[in-house]
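We begin with a single chain expressed as structure tokens, specifically the form predicted on its own.
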Amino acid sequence: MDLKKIFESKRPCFSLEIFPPKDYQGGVETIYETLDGLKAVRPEFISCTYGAGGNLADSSTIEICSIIKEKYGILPISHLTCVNNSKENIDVILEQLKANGIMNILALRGDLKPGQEPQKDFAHASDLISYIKEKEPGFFISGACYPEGHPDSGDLITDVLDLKKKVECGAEHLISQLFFNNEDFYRFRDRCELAGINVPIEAGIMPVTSKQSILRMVSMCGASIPAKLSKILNRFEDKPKALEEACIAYAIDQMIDLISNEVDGIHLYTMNKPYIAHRIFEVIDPMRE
């Protein structure tokens, strides 16, 4: 099944994100352990992050997407960033993806590297989307969106207009950055509707596993921590197991509310921890029927 057909169903999509292990080249078995643990969750697709930053020698994302497709029979989406890639690099990557039968891409700008000049060909994800659609129209392109606004956007109106440009350039599906207050997502969804953005929007949910890691994450992506979650983090920061349990429950509550409000899908940032995905799936899967 392709992504278009998935979103034609009234059943909310449930998808996962994983990342290549840092020691991938010397330890492929770790990604098998992750995927072995995740296959029982029966996701509609699994996306794999792109950490190469323009290093064509690092093909781990494509290799992992191939494993997802060939060994596990699950639809893969390959992340692809552009700010540190030239058109020539992108051409090589697109050919590698096609050769491996991977026709779904999450097109991203990517992070600027401190002390390193970005490449000149792509300034924004919309540039990459336009380039792929013109050069290789057979790819299904997804894009990222930010319920609380992209950190580089001046305001929420500019942010949604920039997002509309992504869709006009060819993005057919959107996955949101993590958020912890569903009202932020609902307000964002309303802005998208007003702007004429009518592609499926999946809500990105990340279960918190440590206070320090989530504080670091939100500082980079511009998400906020509501008072309810802040109290949980402060109360249990020195009790790792209690914190994990409380934050899994928090994520499940978010998802139940999202499903009740007819979300198009939920994209779970697994952090390569299958047991957390299992805990969540057991609760929410019956609610998606």
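Heads up: residue numbers just count along the shown sequence, starting at 1. Remember, predicted model here, so these are calculated numbers, not experimental data.
Although not depicted, the form predicted in complex with flavin-adenine dinucleotide is the subject of the following passage.
Taken together, Ser126, Asp162 and Lys165 are fully in contact with flavin-adenine dinucleotide in the predicted bound form: each brings a heavy atom within 4.5 Å.
Out of the listed residues Ile205, Ile214, Leu106, Leu75, Leu106 is the one that sits within 4.5 Å of flavin-adenine dinucleotide in the predicted bound form by at least one heavy atom. Of the candidates Glu117, Asp111, Glu183, Asp190, Asp111 is the one whose heavy atoms come within 4.5 Å of flavin-adenine dinucleotide in the predicted bound form; the others do not.
You can rule out all but one of 130-138, 75-83, 89-97, 190-198: in the predicted bound form, only 75-83 has residues with a heavy atom within 4.5 Å of flavin-adenine dinucleotide.
flavin-adenine dinucleotide in the predicted bound form is approached by Ala144, whose closest heavy atom lies within 4.5 angstroms of it. Taking the partner from elsewhere, Phe45 is found to have every heavy atom lying beyond 4.5 Å of flavin-adenine dinucleotide in the predicted bound form.
Remark: Thr49 counts among the residues lining flavin-adenine dinucleotide in the predicted bound form, judged by a heavy atom distance of 4.5 Å or less. Proximity of Tyr269 to flavin-adenine dinucleotide in the predicted bound form falls within the 4.5 Å heavy atom cutoff. Residues Lys165, Lys166, Ile175, Ser176, Gln177 are the ones in 164-189 with at least one heavy atom within 4.5 Å of flavin-adenine dinucleotide in the predicted bound form, listed in sequence order.
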